[in-house]
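Let's start with one chain on its own, the form predicted on its own, as structure tokens.
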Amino acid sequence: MLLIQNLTVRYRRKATATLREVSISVGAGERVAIIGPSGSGKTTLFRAISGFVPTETGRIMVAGADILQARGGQLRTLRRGIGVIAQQHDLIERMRVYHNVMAGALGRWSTTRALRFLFWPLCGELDEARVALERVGIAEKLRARTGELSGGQQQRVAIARALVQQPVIMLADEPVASLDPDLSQHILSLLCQLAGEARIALLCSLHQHDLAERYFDRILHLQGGVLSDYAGPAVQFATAS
């Protein structure tokens, strides 16, 4: 589902590349963790996969299409297949939970339908949101104000929103960095379970090597823009700043 070959990203005015000849492949249903210290290039890698970062060299294939060469409608279609779960949830807290969940459908809705849903959601649309929330274990929060939810519940809403998007790839960028250890385990277990069930290629960035070892099929290490095989916890402790 995801193939990256020799990807180099160099921001303007920076002599050192943020990512240097990064190559990785993730198959359908495979769960891959990337660990590394802050500033190692994890977020830049995820933004490049979504087509939001200009690249110097390389290619990024999403379900067989090169997102770096896509334009217009093709680019929008490819981005709809990439679900993103961020550390800070990126939810609108004053809105109802179902509003945030169904934001995952905006890429396949017209502007008119999106505006109508904001004020007059249809039963079928609410049912779709409820099903997604059931999959993450908080269906009872469908009509709750998002800002009233705990941090862990808000992260589940973000996962439900990504599921509504019907992605082929899911990018989770430090999804448990602000959660306590017990809740972090629940969220990662849920993410990996859902990815496996729906055959979604999951790429997740983490600081915690123990969680990566527990929940993921494969672990890679990103340091100074260079991606390599994970050699154990000593790598992280020796290189983290």
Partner chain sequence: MLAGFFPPDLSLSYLAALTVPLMQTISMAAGGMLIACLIGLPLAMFVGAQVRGARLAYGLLSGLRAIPDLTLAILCVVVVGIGPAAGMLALAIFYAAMIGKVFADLFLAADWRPIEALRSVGATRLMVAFYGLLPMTLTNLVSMGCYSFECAVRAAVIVGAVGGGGLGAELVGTINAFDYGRATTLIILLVIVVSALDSLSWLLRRHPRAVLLLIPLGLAALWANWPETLALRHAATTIGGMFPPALPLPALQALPRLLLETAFIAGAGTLLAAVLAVPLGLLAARNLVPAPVAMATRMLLEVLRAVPEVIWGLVLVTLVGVGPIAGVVALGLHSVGVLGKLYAEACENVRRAPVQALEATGARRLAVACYAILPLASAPVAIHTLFRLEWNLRAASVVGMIGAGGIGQALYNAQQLFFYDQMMAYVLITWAIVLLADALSDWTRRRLGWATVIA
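Positions refer to the first chain, counted from 1. Predicted model, so just to flag it, every value in this text is computed and none were measured.
One more form of this protein exists, namely the form predicted in complex with the partner chain; it is left out here, but the text below deals with it.
What is the one choice in 199, 47, 214, 59 with a heavy atom within 4.5 Å of the partner chain in the predicted bound form? After the contact test, the surviving option is 47.
Proximity to the partner chain in the predicted bound form, single hit among 151, 107, 137, 147 (heavy atom within 4.5 Å): By the 4.5 Å heavy-atom cutoff, the listed residue in contact is 107.
95, 103 and 115 all contacting the partner chain in the predicted bound form, non-hydrogen atom within 4.5 Å: Each of the three qualifies.
Can residue 143 be called a contact residue for the partner chain in the predicted bound form at 4.5 Å between heavy atoms? So residue 143 does not count as contacting the partner chain.
Can you tell me if residue 84 lies within 4.5 angstroms of the partner chain in the predicted bound form, counting non-hydrogen atoms only? Yes, residue 84 sits close enough to the partner chain in the predicted bound form that at least one of its heavy atoms falls within 4.5 Å.
Proximity of residue 90 to the partner chain in the predicted bound form, heavy atoms at 4.5 Å: Close contact exists here: in the predicted bound form, residue 90 approaches the partner chain to within 4.5 Å, heavy atoms only.
Is residue 130 close to the partner chain in the predicted bound form, meaning a heavy atom pair under 4.5 Å apart or at it? Result no; residue 130 lies far from the partner chain in the predicted bound form.
Please name which of the stretches 47-55, 178-186, 23-31, 205-213 has residues with heavy atoms lying within 4.5 Å of the partner chain in the predicted bound form. Single hit among the candidates: 47-55.
Considering only 144-183, what residues come within 4.5 Å of the partner chain in the predicted bound form, judged by heavy atoms? If the 4.5 Å heavy-atom criterion is applied to the partner chain in the predicted bound form, 144-183 yields 161, 165.
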